[in-house]
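Only one chain is given next, in structure tokens, and it is the form predicted alone.
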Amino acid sequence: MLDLQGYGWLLLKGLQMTVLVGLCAMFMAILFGLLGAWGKFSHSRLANWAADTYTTVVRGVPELILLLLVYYGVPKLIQDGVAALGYELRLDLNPFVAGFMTIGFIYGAFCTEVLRGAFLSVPRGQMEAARAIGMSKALAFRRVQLPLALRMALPGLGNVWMVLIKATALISLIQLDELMRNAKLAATATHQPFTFYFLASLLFLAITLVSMLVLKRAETWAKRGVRV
């Protein structure tokens, strides 16, 4: 069971790729979340409708379907559209870019609700005080409302990260050499599926444990100076 037959390095490379995909996807998820939260609060009916549709549809469709739809379906759709115009085009998406963008887009819907709740938790008096001392609306948002909202959103965003990092295993289906795909390659080559899938699960657990420690430190830092 402990004989990795020289494939241990493959798991470590896959671990590095998994963490990289997760970080990029989380960054995109927060951006989509901020945009979605803005849409929820916007006075524009179109923006409200777009944000509500985004969170409803994305949270209601399995991640795997969306990933396959983006990686395999979108290039085919574009190629067929170009062919209908009498041109020829071959389009292949980069699995890394398609993977982290799709995962980020999916979990951006969850970040939208987390951030919406956080912004609602910021007392209105904070913004009124900022405006009263001469801050513009944009400056008050950047210096007062956004920092307070992110502090309140940190536990929820941490939960999103915990789920998102496990969802990166789905990207193995679009041929990206992340942890699960490399574990499968090693298991197939050595005929030791239990060993390599078990090690992969331990590595995912290690990511979770490290993330919990980092998030705990981050929450403590964010609450400095706050009277309990």
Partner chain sequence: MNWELIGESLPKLLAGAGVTVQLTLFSLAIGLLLAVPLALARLSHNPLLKYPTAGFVFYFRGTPLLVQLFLIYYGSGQFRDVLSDMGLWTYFRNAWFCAVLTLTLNTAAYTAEIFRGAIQAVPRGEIEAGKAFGMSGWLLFRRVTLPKAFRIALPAYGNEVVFLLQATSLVSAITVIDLTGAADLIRSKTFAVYEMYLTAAVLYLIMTYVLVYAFRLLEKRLNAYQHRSA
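Please read these numbers as outputs of a predicted model, since none were measured by experiment. Residue numbers count along the first chain shown, from 1.
This next part talks about the form predicted together with its partner chain, which is not shown.
One residue of Y197, F41, W49, F27 in contact with its partner chain, assessed in the predicted complex (non-hydrogen atom, 4.5 angstroms): So the residue touching its partner chain in the predicted complex, by this definition, is Y197.
Which one of G73, P147, G117, P155 is close to its partner chain in the predicted complex, taking close to mean a heavy atom within 4.5 Å? None of the others qualify; the residue that does is G73.
Determine whether any heavy atom of Q16 comes within 4.5 Å of a heavy atom of its partner chain in the predicted complex, and answer yes or no. Judged by the heavy-atom cut-off of 4.5 Å, Q16 is well away from its partner chain in the predicted complex.
So in the predicted complex, does T208 come within 4.5 Å of its partner chain, heavy atom to heavy atom? Result yes; T208 sits at the interface with its partner chain in the predicted complex.
Consider L31 of the chain shown here, and say whether it contacts its partner chain in the predicted complex, taking contact as heavy atoms within 4.5 Å. No, L31 stays farther than 4.5 Å from its partner chain in the predicted complex.
Interface membership of L77, its partner chain in the predicted complex, 4.5 Å heavy atom rule: Yes - in the predicted complex, heavy atoms of L77 and its partner chain come within 4.5 Å of each other.
Are there residues in 161-184 with a heavy atom within 4.5 Å of its partner chain in the predicted complex, and which are they, in order? Result: K166, A169, L170, S172, L173, M180, K184.
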